[in-house]
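Encoded as structure tokens, the following chain is the form predicted on its own, with no partner shown.
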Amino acid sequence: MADAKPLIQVKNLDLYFGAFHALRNVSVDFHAGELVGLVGDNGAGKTTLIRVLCGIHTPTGGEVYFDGERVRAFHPKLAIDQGIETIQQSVGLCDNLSIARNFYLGREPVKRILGIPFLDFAKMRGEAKKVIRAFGLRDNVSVDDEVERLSGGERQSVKIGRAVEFKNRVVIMDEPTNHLSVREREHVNELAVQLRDQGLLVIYITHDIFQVHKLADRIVIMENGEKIEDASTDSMTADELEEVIRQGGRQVEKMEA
């Protein structure tokens, strides 16, 4: 059940890259305990919007609020400190490092021996093993194995488990099932629902309206940098939402003509 008070509020957001108007007066609320599908074709603006929330882009105009407080500085480190984690298919793990090292990447625990800091490998292995088993890694995979041994779905499991372990409040899943098998897609989608059920805000970016409609509480559709629909999955079918996308695309073609 989503909280009544939005965890993230976006109000009248604009973003220009030079003369290009990438986001156009976008307003949308996101709640804790909610799985929101953010849908649109390539270039619709969905990834650009997320990059604002992640602190990568600073908006040209408008306001962003996190847990009721206005965000006045946009930087990836600040977003991470607020508990916003982005899970992408192609980035986020180092193939030549162990699963345990990847699990703690950037957050490595240290212990001091005679005042000298050393990485606490025992803690990394123990905590990583406990969490990744809960998120679906095979029993014959060791946390000391290099990440390159993992399948695409297992890599996503490591990232999702990491997001939960470090008490993130928002998990943004950017096309998380690209290039995965049918079974792996189902597993990643089950984890997305699991995160929502644990009270996190999950924003699931995709171009596949039919896949995300089965998972999401709400669908936000973007086209040409604008929000063109924001509807609960109870109120509109996937076919109806697909028609909104098609109509939005026709409007863009008319504008360009």
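Keep in mind that this is a model prediction, so the values were computed, not measured. Numbers follow the displayed sequence, beginning with 1.
Absent from the display: the form predicted in complex with a small molecule. The rest refers to it.
Trainee: Would all three of F17, D41 and K46 be in contact with the small molecule in the model of the complex, where contact means some heavy atom lies within 4.5 Å?
Mentor: Each of the three qualifies.
Trainee: Of these, 28-36, 46-54, 227-235, 60-68, which stretch puts a heavy atom within 4.5 angstroms of the small molecule in the model of the complex?
Mentor: Of the options given, it is 46-54.
Trainee: With heavy atoms only and a cut-off of 4.5 Å, decide whether L241 touches the small molecule in the model of the complex.
Mentor: Close contact is absent here: in the model of the complex, L241 is far from the small molecule, nothing within 4.5 Å, heavy atoms only.
Trainee: Could you confirm whether L13 comes within 4.5 Å of the small molecule in the model of the complex, counting heavy atoms only?
Mentor: Answer no; every heavy atom of L13 is more than 4.5 Å from the small molecule in the model of the complex.
Trainee: Please run the contact check for I245 against the small molecule in the model of the complex: heavy atoms, 4.5 angstroms, yes or no?
Mentor: Answer no; every heavy atom of I245 is more than 4.5 Å from the small molecule in the model of the complex.
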